[in-house]
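Below sits a lone chain in structure tokens, taken as the form predicted alone.
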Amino acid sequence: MKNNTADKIVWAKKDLLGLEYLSREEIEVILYTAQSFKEVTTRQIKKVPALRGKTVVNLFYEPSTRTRASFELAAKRLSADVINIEVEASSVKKGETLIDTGRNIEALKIDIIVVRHNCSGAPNILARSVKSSVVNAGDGWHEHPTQALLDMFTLKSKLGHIEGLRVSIIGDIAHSRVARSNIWGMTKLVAEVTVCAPPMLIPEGIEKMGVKVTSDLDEALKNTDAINVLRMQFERDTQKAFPTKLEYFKQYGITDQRLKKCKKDIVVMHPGPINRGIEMSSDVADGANSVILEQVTNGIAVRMAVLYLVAHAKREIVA
């Protein structure tokens, strides 16, 4: 957060549905708050009473390892009670709608619903249907706001700032909610964003989001400060942009040889899970420039900040 930011901030939103709906100032409030909670993760006793008496429900309609565990840890470190609902073993399998599920969960007097859904816009529908706070943990191809926030938090922690940085997002842009959230967030914080992918995996009109578009990996890597490498979602590649995974790796995989042509201190990110030997080689994933595991760690502080802010919507937050 900038030094001239007011000492006291009012966070007005009860939900976090996407970075498209946030201002630059609101994004900076989350990152600033996350910095305060980052210190908690270094303590011997990693817990504060900020959400004592609150209940957080994780409602995941899609598989997740990092995001779900991160939200659960974040809530517990804020002293909230946590309920994890296994959709495969819930009334959803009996035909219950998202709205009915949300309202029944709310009837249990909970406070926050963290939802991941395969349909774009599902968290928005849920937020309009319940009084509880709703946090989007990834919806379809739409957004994954907390992933982008932790990416920005990691980048700022590593390089000291985001404004003016050159950031390249490389990989399956067409199917990536992570890419969209990163584009909204990075451009609002005035980074120069380039997206790079095979032509068939670049959404039509994406340049209107304020990014540079290229299918040339060398161009995307030239003079860039950071790269965010996305998982290649072959299961959704109905157009067969690449006949084989090996061909994709040859043309778009990040290797140590390619990295040697970049800035010496280039930051390498990946939201996970990594497909080694497809999106990047192991020597890059485990190399000195990689902050992939730092992203995972930082995700806890960022999600603590989000849960805290939505739980205290319209209350004065002391900066």
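The shown structure was predicted, so the numbers you read here are calculated from the model rather than taken from an experiment. For every residue, the number given is its place in the sequence shown, counted from 1.
Absent from the display: the form predicted together with phosphoric acid mono(formamide)ester. The rest refers to it.
- Not displayed here, phosphoric acid mono(formamide)ester is approached by residue 144 to within 4.5 Å at the level of heavy atoms in the predicted bound form.
- Not displayed here, phosphoric acid mono(formamide)ester is approached by residue 116 to within 4.5 Å at the level of heavy atoms in the predicted bound form.
- Contact annotation for residue 253: none of its heavy atoms lies within 4.5 Å of phosphoric acid mono(formamide)ester in the predicted bound form.
- Proximity of residue 64 to phosphoric acid mono(formamide)ester in the predicted bound form: non-hydrogen atoms within 4.5 Å are present.
- Only one segment in the set 285-293, 46-54, 64-72, 25-33 has residues whose heavy atoms sit within 4.5 Å of phosphoric acid mono(formamide)ester in the predicted bound form; it is 64-72.
- Taking phosphoric acid mono(formamide)ester as positioned in the predicted bound form, none of the residues of 175-193 brings a heavy atom within 4.5 Å of it.
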